[in-house]
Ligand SMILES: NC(=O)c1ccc[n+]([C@@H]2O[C@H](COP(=O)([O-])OP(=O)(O)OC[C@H]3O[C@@H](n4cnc5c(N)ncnc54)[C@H](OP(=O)(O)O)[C@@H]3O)[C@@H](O)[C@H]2O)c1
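Below you will find one chain, with nothing else, as structure tokens; this is the form predicted alone, and questions on how it binds or moves follow later.
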């Protein structure tokens, strides 16, 4: 297991890589920190990272929906590093309504990403904290038939089908605004849409030493009879300190799963 022990000099180097401004040198390739964060920082085109923080028993919240303290301090620092290295962070409307998050970079030094909320039916009122906290710009992605509401944010309209909004159409709309490195942070239903569409390059699953005992699960695969049929994405394991991180190469795994007629699904709860 590789240990992540971030130093200021290495973090500054990663920030300098953002958007492919500089590449990874041969000497840096063996560094576990660069191996974990380098692909995010140095991506010059479309790159989608999904992040799940869960307990030892695979829960992402209590039955009442409390998910605020699952990740330990090092897990939170990792999430904030990911935010600092991307250009935009996507969450679903359920996450905003349940947690009222700031989606900013506070645990580390770095730029705040543009905040993107998928609000298909315009359920947000405009009074939520992220519209008025003076933070990074906010973009709302809504269905073409959502009722018109005035927000302190840019509103992008995407055609809504019976299956909801097309994740690729969302990424295309963000790319037109120069936002290509994307973190899909939650909730599980929003993450599932991007994974099911085969659009996630890397999946980070951070596991905290916490047993909740009940509540929604973070990942839910289609039922299988034999473990030989289990989906096994290539993964590296890192010790963050308070949490353990699985860094999964999901785009490659999704291609293999597609050939076997399988799809990766995540719990439908937020």
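Positions refer to the first chain, counted from 1. This structure is a prediction, so every number in the text was calculated from the model and none was measured.
Form predicted together with this ligand: not shown, discussed below.
Trainee: The chain here is shown without this ligand. Which stretch in 237-245, 223-231, 29-37, 60-68 comes within 4.5 angstroms of it in the predicted complex, by heavy atom distance?
Mentor: That would be 60-68.
Trainee: Using heavy atoms and a 4.5 Å cut-off, decide whether 94, 99 and 189 all contact this ligand in the predicted complex.
Mentor: Yes, because 94, 99 and 189 each have a heavy atom that approaches this ligand to within 4.5 Å in the predicted complex.
Trainee: Which of 129, 109, 177, 121 has a heavy atom within 4.5 Å of this ligand in the predicted complex?
Mentor: By the 4.5 Å heavy-atom cutoff, the listed residue in contact is 121.
Trainee: Heavy atom within 4.5 Å of this ligand in the predicted complex: which of 116, 195, 82, 170 fits that? Just give me the one.
Mentor: Of the listed residues, the single hit is 170.
Trainee: I'd like to check something about residue 136: if you look in the predicted complex, is any of its heavy atoms closer than or equal to 4.5 Å to a heavy atom of this ligand?
Mentor: Residue 136: no, not in contact with this ligand in the predicted complex.
Trainee: Should residue 52 be counted as a contact of this ligand in the predicted complex, where contact means heavy atoms within 4.5 Å?
Mentor: Yes, contact at 4.5 Å.
Trainee: Whether residue 153 contacts this ligand in the predicted complex should be assessed with a 4.5 Å heavy atom distance threshold; does it?
Mentor: The answer is no: residue 153 has no heavy atom within 4.5 Å of this ligand.
Trainee: Indicate whether residue 165 is a 4.5 Å heavy atom neighbour of this ligand in the predicted complex.
Mentor: Output for residue 165 is yes: heavy atoms within 4.5 Å of this ligand.
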